[in-house]
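A lone chain, given as structure tokens: the form predicted alone.
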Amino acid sequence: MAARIWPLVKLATKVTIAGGAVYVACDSGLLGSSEQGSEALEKAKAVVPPALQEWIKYFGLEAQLPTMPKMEFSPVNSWNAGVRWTISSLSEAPTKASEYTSQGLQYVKDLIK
């Protein structure tokens, strides 16, 4: 009987952890707009170092962790750069397709000669 229940318990645990992770991500605004994502990143930057220090003291670890690097990263700008690249690639697609087609035809003509 226990052999049949154990896989169900494992599955329930995995589903609970995954559901909790999705809930926390939605609740903190990570799955929202880019502005909400930026705010969540700033909150995490403010909360993580004190929490690490607290855990280090709790477990008695005296190892010195490296300082948090200062990154000037804006998800909004990264998102916009990706959108710009995609749109420019789509706008150039017909021109590139005709160029590659003409190059392919020229290559085939040269092979036939």
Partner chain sequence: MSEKELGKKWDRCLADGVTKLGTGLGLGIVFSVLFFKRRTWPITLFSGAGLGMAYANCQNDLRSHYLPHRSQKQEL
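Every value quoted in this text rests on a predicted model; they were computed, and no experiment measured them. Numbering follows the first chain given and starts at 1.
Same protein, other form: the form predicted in complex with the partner chain, not shown, and the subject of what follows.
J.: Find the only residue in V15, L105, A93, V9 having a heavy atom within 4.5 Å of the partner chain in the predicted bound form.
T.: Of the candidates V15, L105, A93, V9, V15 is the one lying within 4.5 Å of the partner chain in the predicted bound form.
J.: Tell me, out of L31, V83, M71, V47, which residue has a non-hydrogen atom within 4.5 angstroms of the partner chain in the predicted bound form.
T.: So the residue touching the partner chain in the predicted bound form, by this definition, is L31.
J.: Given that the partner chain is not shown alongside this chain, does L52 nevertheless sit within 4.5 Å of it in the predicted bound form, heavy atom to heavy atom?
T.: Contact check for L52: no, nothing within 4.5 Å of the partner chain in the predicted bound form.
J.: Taking any heavy atom pair closer than or equal to 4.5 Å as contact, tell me whether D27 reaches the partner chain in the predicted bound form.
T.: Output for D27 is no: heavy atoms all beyond 4.5 Å of the partner chain.
J.: Does I56 reach the partner chain in the predicted bound form, with heavy atoms at most 4.5 Å apart?
T.: No - in the predicted bound form, heavy atoms of I56 and the partner chain never come within 4.5 Å of each other.
J.: Going by a heavy atom distance of 4.5 Å, is V22 a contact of the partner chain in the predicted bound form?
T.: The answer is yes: V22 has a heavy atom within 4.5 Å of the partner chain.
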